[in-house]
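The form predicted on its own is given below as one chain in structure tokens.
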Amino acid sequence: MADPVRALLDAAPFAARSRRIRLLGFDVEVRSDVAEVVELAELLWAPLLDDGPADHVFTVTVVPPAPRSLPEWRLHLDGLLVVASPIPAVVVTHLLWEANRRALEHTPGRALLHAAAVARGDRAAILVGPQETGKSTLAAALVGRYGLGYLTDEAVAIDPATGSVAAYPKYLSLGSAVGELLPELEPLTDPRLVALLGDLTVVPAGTLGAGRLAPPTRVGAVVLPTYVPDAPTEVEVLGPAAALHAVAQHAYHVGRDGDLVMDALAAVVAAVPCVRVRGADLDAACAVVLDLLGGDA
């Protein structure tokens, strides 16, 4: 960020500003005219907060309405407009999406996957797949119901030198039925903050309980889950070539960092068990992961 822009942001009279948020390689501060926006940001990213200076600044501001119009909410990053809308939830959920995107863009030297990850002892399971396949729900069940450690729910960063998954304990983004499916969890319910999220249901990582946030952990298993309504649980063991093909489809920056990404993923799938799990039984899927990591359901 250019110094004059930072000076202008520092001089602006925001109602509230967050502590620094460490999003993998991207560190940012959130400032807003609306104190609840900053309160929400600090709640959702609580394990990632510290008191150092941030390189980047998100601002959420509200422009007073013109006659016969609504107030306009605006999201800027380092003084540049990202999105504007009269609907607060559009702007706030875009803030969350943009923050995660920037984290992925600013974390070089890692193999990055659209995946969740949990840990048991010194072994992590990465749960790989596209949206709506159940990987975040599976991760949430393994942490909330079976006591595994939480690493991340949608952005896995693997260190090629060590094969370890970075700790990125952002909030879990889950379906609206999470309370019925996983009563062990505590989705955000504060109406002041829920109103800023629209249809998004989230579980702050800080509510998972003491000792549930795992440190960087070496990959010990790769699981590709697919939720299939009313279907029995099926497990398919994948060889290294098939596993690499399946996992690489969910890698980021293959065009930019192709050799690094593919070499790191090839090393992982050659060294650990890799399986597909299909079905509707969440506990049965958890039992598969626990077995791969050496635990009992």
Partner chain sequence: MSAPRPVDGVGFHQFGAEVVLQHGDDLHLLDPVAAVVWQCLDGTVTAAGIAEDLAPAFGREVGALRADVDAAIASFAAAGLLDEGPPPAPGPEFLDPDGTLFCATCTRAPERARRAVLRIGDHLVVVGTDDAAVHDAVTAALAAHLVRPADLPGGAALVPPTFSITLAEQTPRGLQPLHVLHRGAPLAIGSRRARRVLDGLVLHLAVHTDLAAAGLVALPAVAVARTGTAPGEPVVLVPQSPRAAARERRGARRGLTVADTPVALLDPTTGEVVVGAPGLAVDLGPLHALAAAVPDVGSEVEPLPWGRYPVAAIGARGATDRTRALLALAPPHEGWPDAPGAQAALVDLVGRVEILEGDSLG
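Remember, predicted model here, so these are calculated numbers, not experimental data. Numbering follows the first chain given and starts at 1.
What comes next is about the form predicted together with its partner chain, which does not appear here.
With a 4.5 Å cutoff on heavy atoms, Asp78 counts as touching its partner chain in the predicted bound form. Under a 4.5 angstroms non-hydrogen atom cutoff, its partner chain in the predicted bound form lacks Val237 among its neighbouring residues.
Among heavy atoms of Val275, none comes within 4.5 Å of its partner chain in the predicted bound form. Although the partner is absent here, Val254 sits close enough that one of its heavy atoms falls within 4.5 Å of its partner chain in the predicted bound form.
Screening Asp159, Glu98, Glu186, Glu154 for any heavy atom within 4.5 Å of its partner chain in the predicted bound form leaves a single hit, Glu98.
Heavy atoms within 4.5 Å of its partner chain in the predicted bound form map, among the stretches 48 to 56, 62 to 70, 229 to 237, 22 to 30, onto 62 to 70 alone. In the predicted bound form, its partner chain lies within 4.5 angstroms of at least one heavy atom of each of the following residues of 240 to 254: Pro240, Ala241, Ala242, Leu244, His245, Ala248, Gln249, Val254, in sequence order.
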